[in-house]
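The chain below stands alone and is given in structure tokens; this is the form predicted alone.
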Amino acid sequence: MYSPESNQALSKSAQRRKREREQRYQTILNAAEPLFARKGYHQTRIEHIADSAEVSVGMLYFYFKNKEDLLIHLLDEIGFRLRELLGAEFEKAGASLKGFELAGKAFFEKFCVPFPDKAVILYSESVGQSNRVEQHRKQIFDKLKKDVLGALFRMQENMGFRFQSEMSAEVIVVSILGIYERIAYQYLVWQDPSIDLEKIGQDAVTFLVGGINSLCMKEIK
């Protein structure tokens, strides 16, 4: 499996080789993404990915143990980019209810719409694969859950609210992640071109933000 070199001082030629390896690693991931999303994980062969990336099969195996390993690396990258996007959007509003609205809109407008292949891999093509793949999916969603839970508690402290019960925050998190996942799956995996995902996303965000505001929190007197 490919592993980036340490950050120790390198000669210029070594730095160049390092950049080339990193670029080739990313090129292979970029080639695999649309194939997994559109052709299907099981229907995509290593030879298809190597051909799309313009590398030899042997070179591909230098970076990844097998197709499963490639999918896991791709999943990890997608999960990281999604968490980074949502976190940045939430921070724009200073840990407030508005931050949840911005993050929710970004999920649809800045993730699902411009990068549908990433969403399809995360919510469809990686589902029901090996135990190892499923474990990585669980890790991604556990991290997302932790991110959203932390954002809720930051908002609670920042805005002077308290939750109605010990389970309120967790129920909110599960609802947010579950609804967004279901919407992404229905309107991306089922490929309905007549649907405006951004408008549907706005409805979902409005629904969830309203629920957080009116049902699950109340001001401390």
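Position 1 is the first residue in the sequence shown; the rest follow in order. Keep in mind the model is a prediction, meaning the values are calculated, not measured.
A second form of this protein, the form predicted together with another copy of the chain, is not displayed here; the remarks below concern that form.
Although another copy of the chain is omitted here, in the predicted complex all of S124, Q129 and L208 have a heavy atom within 4.5 Å of it. Although the partner is absent here, E181 sits close enough that one of its heavy atoms falls within 4.5 Å of another copy of the chain in the predicted complex. The shortest heavy atom separation between E91 and another copy of the chain in the predicted complex exceeds 4.5 Å.
Although the partner is absent here, D203 lies within 4.5 Å of another copy of the chain in the predicted complex, judged by heavy atoms.
Taking non-hydrogen atoms only, E170 approaches another copy of the chain to within 4.5 angstroms in the predicted complex. You can rule out all but one of 153-161, 26-34, 40-48, 53-61: in the predicted complex, only 40-48 has residues with a heavy atom within 4.5 Å of another copy of the chain.
Applying a 4.5 Å heavy atom cutoff to another copy of the chain in the predicted complex picks out Q164, S165, E166 from 151-166, in order along the sequence.
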